[in-house]
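The chain that follows stands alone, in the form predicted on its own, written as structure tokens.
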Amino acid sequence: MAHGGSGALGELVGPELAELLRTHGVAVRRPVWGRRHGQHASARGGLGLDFRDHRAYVPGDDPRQLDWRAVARRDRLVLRQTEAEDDLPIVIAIDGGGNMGYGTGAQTKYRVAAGLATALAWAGVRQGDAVGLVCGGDSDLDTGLLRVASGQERVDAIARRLLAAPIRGRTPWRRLLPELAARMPRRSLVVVCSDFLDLAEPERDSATVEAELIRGLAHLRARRHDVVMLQVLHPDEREFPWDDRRLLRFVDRRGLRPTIEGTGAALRRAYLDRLVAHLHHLDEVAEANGLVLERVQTDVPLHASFVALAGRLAGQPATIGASAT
């Protein structure tokens, strides 16, 4: 039964996160302006529980919203306005390239990204939000679930799609954002999941592709979407634990880069210096463009990473810094 977290859904989310999702939702910091009643604070007043402000009564207003205590104090008719709650579509884009296959078992970068994406979809649907998914990889895009829909069937479909995806090749970033922008509902929560370490494509270097991606995400942000870059990293990538003189061989799973050989002692310092610079650069461009950048590591329990991600969406500070050791 999907509601209990079995099948593909249960395999991706796991029992601890499934239990957490029974009581945990997702909310964004800014008020939203949805089409239907939901559980996110609305940008407009409406029928809700939390007081917002008063305004003068005008003919045609619902007299049931008159605040008689305020009327007695002010000697004029005033309405009590409350915070409305609207829905917020959630659109998830996930990198399914060979680069995301690093790790073992449920701790590959892709499986962690897929687990968090599924949890977001599940939490969103439980609180009345519609969700959509686009998957990259194998030099192509799968947009079959991109148009947002609600209901448990959509969550199950997303989980099955993510679990069955072949993790190989590369994600065509140049095509991904135009696909998103063309089918994006009114203001949405957009979550892009990748390691964001090397976005190179044939005949296009990583810096060029990254700059184009940031511009595209900033454009979505300017259109009042909430945009999250979910960066999933393996501890090996943050720490480079090989520091002896054994010969190492690094192979690009996407087939774009030449194989690198050398000893850990010779490669480690230069790699960590470049990594720290790159992570700080991502921090800066994300902040400059109003994007939320959340980093998770594959060795952190999935439910803990989800709690941290939900906190960032609600406006809390990042929990994992940019430094590498």
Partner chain sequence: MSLLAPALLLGLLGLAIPIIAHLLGREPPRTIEFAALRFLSPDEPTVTRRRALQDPLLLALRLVLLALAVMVLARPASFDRTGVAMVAEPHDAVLLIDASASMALRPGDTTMMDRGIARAQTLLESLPSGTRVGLMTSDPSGPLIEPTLDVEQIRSALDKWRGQGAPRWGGWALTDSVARAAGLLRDTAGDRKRVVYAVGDGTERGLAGLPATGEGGALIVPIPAIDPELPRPGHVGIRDVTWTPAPDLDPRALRIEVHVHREAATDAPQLADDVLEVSVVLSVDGQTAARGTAELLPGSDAVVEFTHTLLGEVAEVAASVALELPDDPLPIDDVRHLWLSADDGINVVVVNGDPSELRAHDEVFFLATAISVADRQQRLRLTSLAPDQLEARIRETGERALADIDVLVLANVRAPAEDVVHVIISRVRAGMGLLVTSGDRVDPADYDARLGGILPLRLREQVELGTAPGRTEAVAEGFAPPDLAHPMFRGIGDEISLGSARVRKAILCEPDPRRQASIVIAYTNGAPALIAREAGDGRVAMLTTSIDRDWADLPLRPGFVPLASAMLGWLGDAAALAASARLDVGDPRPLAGSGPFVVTTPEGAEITLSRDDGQPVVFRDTFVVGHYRVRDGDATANFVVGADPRESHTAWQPMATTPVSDDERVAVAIPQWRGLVVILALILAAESLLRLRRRTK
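Everything numeric here is computed off the predicted structure, so don't read it as measured data. Residue numbers count along the first chain shown, from 1.
The form predicted in complex with its partner chain is left out here; the points below concern that form.
Participant: Spot the stretch among 238 to 246, 176 to 184, 114 to 122, 127 to 135 with residues whose non-hydrogen atoms come within 4.5 Å of its partner chain in the model of the complex.
Facilitator: The contacting stretch here is 238 to 246.
Participant: Though its partner chain is not shown, can you say which of 198, 140, 201, 212 has a heavy atom within 4.5 Å of it in the model of the complex?
Facilitator: Looking at the other structure, the residue within range turns out to be 198.
Participant: Just give me the single entry in 163, 106, 149, 251 that has a non-hydrogen atom within 4.5 angstroms of its partner chain in the model of the complex.
Facilitator: Only one listed residue qualifies here, and that residue is 251.
Participant: Examine residue 280 and determine whether its closest non-hydrogen atom to its partner chain in the model of the complex is within 4.5 angstroms.
Facilitator: Taking the distances in the model of the complex, the answer for residue 280 is no, it never comes within 4.5 Å of its partner chain.
Participant: Do residue 289 and its partner chain share at least one heavy atom pair within 4.5 Å in the model of the complex?
Facilitator: Outside the cut-off, so no.
Participant: Taking any heavy atom pair closer than or equal to 4.5 Å as contact, tell me whether residue 258 reaches its partner chain in the model of the complex.
Facilitator: Within the cut-off, so yes.
Participant: Give a yes/no on whether residue 72 approaches its partner chain to within 4.5 Å in the model of the complex, heavy atoms considered.
Facilitator: No - in the model of the complex, heavy atoms of residue 72 and its partner chain never come within 4.5 Å of each other.
Participant: Counting only non-hydrogen atoms and a 4.5 Å cut-off, give the residues of 255 to 275 close to its partner chain in the model of the complex.
Facilitator: In sequence order, 257, 258, 259, 260, 261, 262, 263, 266, 267, 270, 271, 274, 275 come within 4.5 Å of the partner.
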